[in-house]
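Before any questions on how it binds or moves, here is one chain, the form predicted alone, in structure tokens.
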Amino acid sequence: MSGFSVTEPSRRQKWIAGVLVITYALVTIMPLLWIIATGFKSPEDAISYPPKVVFQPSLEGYVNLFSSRTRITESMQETLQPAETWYDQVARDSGTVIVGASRYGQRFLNSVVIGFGSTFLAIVFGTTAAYAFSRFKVPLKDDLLFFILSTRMMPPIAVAIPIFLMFRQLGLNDTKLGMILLYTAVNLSLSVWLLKGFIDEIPFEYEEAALIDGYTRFQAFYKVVLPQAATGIASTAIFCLIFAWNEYAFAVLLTSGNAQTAPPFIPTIIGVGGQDWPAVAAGATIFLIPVMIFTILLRKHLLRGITFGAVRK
């Protein structure tokens, strides 16, 4: 008998797989690294051709992102008092002075409130609905599940005008509440379908044992089912947050000021001489941080949740 195994890859296969994975990782991470690097370039280096890989780092993009500036002449600059802060000095080195704060901070906060708020509601409603579909005899269950899934297949532009008219009648245009409700409704189909699959894998005997011990149905759901479905809830929350965090079409159509999120605001960042690419790159870099942190914190649950139920006995 030889030592060959049909399940254990050979050394050559491992090397090939490793090279492919590393190559794929480098190809996918290069645009992200380029965006991060552009945030630390000067406006001249950001648009230079050929593109500069080696450059003098500058925080001008981040200063421009969080401030409103106006250009001044050299004679006017000589009459000003010495700069009090480092960011005032960065602005003056570029021939501008800071006149106030930009709107990026408020737009970023809107993204946090709307993204995490809609994700929380989608998980709460999706978990309860998925539990009902999984454990109870719901009339026309298959038809209802297909209807819920079909809402996810529909392109946003197909319902953009009806939603705009409905929001205008209800006074939800350009409000955080309106965007939270909209993103919750869009994410609910994904949440229900994913969580139903996870809950289906949890043996019903666990709940029966809890009910025999005197637990109510809600207590059995809260103390037995939810801990077992934690991996599925975490992975579903990540997918819901990514959609709500990156959504652009509805944000452009339904918001303009009070509830505008970062995605439609970042492309409109204009410098004193045109499009400020370092500031745009800086805004995109900061915008990535919350989702990255959220995904890293739940990465173990995400990996377990994706493979949950893949192997059956």
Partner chain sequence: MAEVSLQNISRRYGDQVALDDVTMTVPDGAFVVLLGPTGAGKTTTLRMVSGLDKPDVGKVLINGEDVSRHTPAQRNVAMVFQQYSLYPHLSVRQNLAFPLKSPMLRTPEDEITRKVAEVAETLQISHKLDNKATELSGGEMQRVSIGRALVRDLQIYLMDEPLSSLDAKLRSDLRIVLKRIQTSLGATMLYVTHDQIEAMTMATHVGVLDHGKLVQFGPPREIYQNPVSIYAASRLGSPKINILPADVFPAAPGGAHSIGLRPEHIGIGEGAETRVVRVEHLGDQTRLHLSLNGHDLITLTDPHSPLAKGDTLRISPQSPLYFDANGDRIT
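Positions refer to the first chain, counted from 1. Worth saying up front: this structure is predicted, and the values here are computed from it rather than measured.
The form predicted together with the partner chain is left out here; the points below concern that form.
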Seminar exercise, completed: Answer key: of 84, 143, 74, 205, within 4.5 Å of the partner chain in the predicted complex (heavy atoms) is 205
For this session: Check each of 91, 210, 180, 190 and return the one that places a heavy atom within 4.5 angstroms of the partner chain in the predicted complex.
Result: 210
Problem set entry | Interface segment, criterion being heavy atoms within 4.5 Å of the partner chain in the predicted complex, picked from 93-101, 216-224, 108-116, 191-199 | 216-224
Exercise. Is there a non-hydrogen atom of residue 228 within 4.5 angstroms of a non-hydrogen atom of the partner chain in the predicted complex?
Worked result: yes
